[in-house]
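Included below are structure tokens for two forms of one protein chain, each presented in isolation as structure 1 and structure 2.
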Structure 1
């Protein structure tokens, strides 16, 4: 990199910078394509493996494309485990998680973003600090507490905490709420609205896209959660897909193709949601980073 830069310096400055720029662009492009290939490889291999027959799986070296795509693997995968029961459980947990997140986080964030009160910023720091608390510190106690309440083997431990806000989503929602001009609230207050009315009837309607972002993140969180269901759900009939997938692994052999077929079915909705709501994800990231 250093050597060509030196030679360019001998030609007129404008051209050299232009050439340097062009090189940078192409190196970047190459680098990004390599990263993309590496990052999409797992998904490619998942689908290819899902479509292989048992015989093809045994071939060495492995085939890079399925010789005869076995679409039946998907049907077999959903009957090998009680897929639809697990799906149903996952959907229940996901729906309740979304409801909880969408109710609690805007309300809490409103208290941090649009109300002024003594000690507010210190409390907000405390909220953010909870992000760094390792989950094992709470999960052992929570298990015991929930067991005492008779909540083990129910969806309650997975869902109830979601109704009390979560640091990252409070943070995101607060960032959104701070973007709305304060005059909007002041005008409503002058008109005699109480603070809850200002929140629910004036500010919230303006941040529905943000509430949507929280909802998507919450859905993803529930769909992707492994540790919660692993610890709290012991009854097979309550398993979510995350735990259900482990059924494919017997002691000595892994049913690779069926496992990958089921994985595809679990990953696919995430990919679709991601592609549909890409802007929401990006907004979450930009809000969550610099400002």
Structure 2
């Protein structure tokens, strides 16, 4: 049976809907560009300020582009403070934090997602409730505990807690593990695997995207952490880069161009890591949120 011919009223209506969708796409793209510009503006201003001289920083209104880029500011920034010593300390703390996070969180989340035991859900809710406790509330208690252990002025208070899991990362990992069919674990148990073998050889390889996300989160947390090193580290030789940035501020002045140059060097590895692993990062979060 032949399809009915289009009426004269349907054609203008379709054209109107097409124009409406096209306008909606352009508006959404424009909004995305505006949001991108808003997020990139601080990064742009940091780099531009890093390339300005002291005299240009004093100009008003401030210049949008450096009149004479001062590339030597980056060299001066790494010699103004013991940059590479602080970098070495930051790398040690970041590496140990990532190791602790990728070992502990999948293991803890496995117990909440794949094993049946009395009170499991109640304990999980208790763990999740800790997300809402602000860090300043527990600072004094944690400091007393670490002081009693003799860990003050060492990296241990910054690293050891990461080997006991984080509530948010446990939640993220648990959501991911719950998407894996239980039949996969049951089949391994029938073949004679014990519970640790099921976790390490069957389930864990299927969760590598989520483990990667946790590793990236942990690295960013350790790299940018300021409060923790400020509280627990007292010897200058143990300072991290986040603490080292305060050295550009004196009692009467702040070396803004050198501060921004050092900040650019510190932010650069984070941006590179995100650009290299952004696909795995976004896929890991998406897979963990869709059931």
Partner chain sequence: MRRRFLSPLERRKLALGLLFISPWIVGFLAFTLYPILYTLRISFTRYSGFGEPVWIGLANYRALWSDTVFWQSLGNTLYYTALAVPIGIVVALAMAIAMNQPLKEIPFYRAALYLPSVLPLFAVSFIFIALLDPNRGIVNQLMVSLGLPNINWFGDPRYAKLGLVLLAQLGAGNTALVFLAGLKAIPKTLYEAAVLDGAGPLRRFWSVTLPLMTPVILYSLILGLSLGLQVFAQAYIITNGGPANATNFYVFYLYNQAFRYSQMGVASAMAWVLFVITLVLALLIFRTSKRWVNYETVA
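Numbering follows the first chain given and starts at 1. Just so it is clear, the structure is predicted and the values come from calculations on it, not from any experiment. Only the largest set of C-alpha atoms that superpose within 1.5 Å between the two forms is called the rigid core.
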| property | result |
| --- | --- |
| Of the two forms shown alone, the one predicted in complex with the partner chain | 1 |
| Threshold 2 Å Cα movement between the two structures at residue 67, rigid core reference | no |
| Residue 33 C-alpha shift between the two structures of 2 Å or more, rigid core reference | yes |
